[in-house]
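First, one chain by itself: the form predicted on its own, in structure tokens.
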């Protein structure tokens, strides 16, 4: 690992960082995880420092992994519910007596702590694709302290880091690993694109052989696809798209089936603001479910991955989710969830 300083940097999107920087973050995460297991504590790293966590959306793993991470590093995480404060809003979207301009909130919090972490996607920005990303970028513009993206409508960089650490732990690295990010059926269409987009960005950046499996109506952001193609070429990996679920899983080492919304759900000009059409598209592909039979076509030592929460019996069978040991392929979803803690501690240690 090359020693480098990331102090003061925002962590909004993986595309803001080089491969070398991302590999350094993963190396720090590995070290913190190993030392924690050895009983070596790190409560001097961020002693007496404060992380403000602003959640426009609900959370289990993200909130608790950030709070636990700050505790383990010696600091404190403040949970901020936008409905219990004056909701931070972009200029022109303020509502008298109920909102406060982002520029003001960012500058106030900058005087009181060392970083601001934000989760925002979907309903809070009325499914305007890129609206949440713009909100986070506005916070970063005005804040004098790092702004961390706990998931927006384009990127989920911390989940992606946890995914990559999990792959590395199981296969020793990334070269030659066949990584499949696949759509899977869910009854709910309200599923942002951030997880699959961050997964394929990191996987191509780090040189894996990446397959994106999805129905024709479930295309991802064209700019993200173009970036993946560039990363794959630069890293000597590969990137392909298939519209065949079984084809995507066959021979894969890492199998990551998860629902995400079709373009139709977004507001114009990206989409049509049509949840009914989106539901009709979803319902055409109820057979896209990860089963034991499909996992048997993957590599012998394959891992089943999911960011959680998974829609059991829809996206995936219970057997696949719960097979965490034994011969052959296995589920690593709880290792993956734990790794959120370690990668977030690594980033906070480096930027705060």
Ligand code: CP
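Numbering follows the first chain given and starts at 1. The model shown is predicted, which means the values in this text are computed figures rather than measured ones.
Keep in mind that the form predicted together with ligand CP is not shown, yet the notes after this line are about it.
Among heavy atoms of residue 289, none comes within 4.5 Å of ligand CP in the predicted complex.
Contact annotation for residue 209: none of its heavy atoms lies within 4.5 Å of ligand CP in the predicted complex. Contact between residue 317 and ligand CP in the predicted complex is not found at the 4.5 Å heavy atom cutoff. Among residues of the shown chain, residue 119 is one whose heavy atoms approach ligand CP to within 4.5 Å in the predicted complex. Heavy atoms within 4.5 Å of ligand CP in the predicted complex belong, among the stretches 58 to 66, 321 to 329, 296 to 304, 45 to 53, to residues of 58 to 66.
Only one of 178, 182, 166, 159 comes within 4.5 Å of ligand CP in the predicted complex through a heavy atom, and that residue is 159. Along 276 to 315, these residues reach a heavy atom to within 4.5 Å of ligand CP in the predicted complex: 307, 308, 309.
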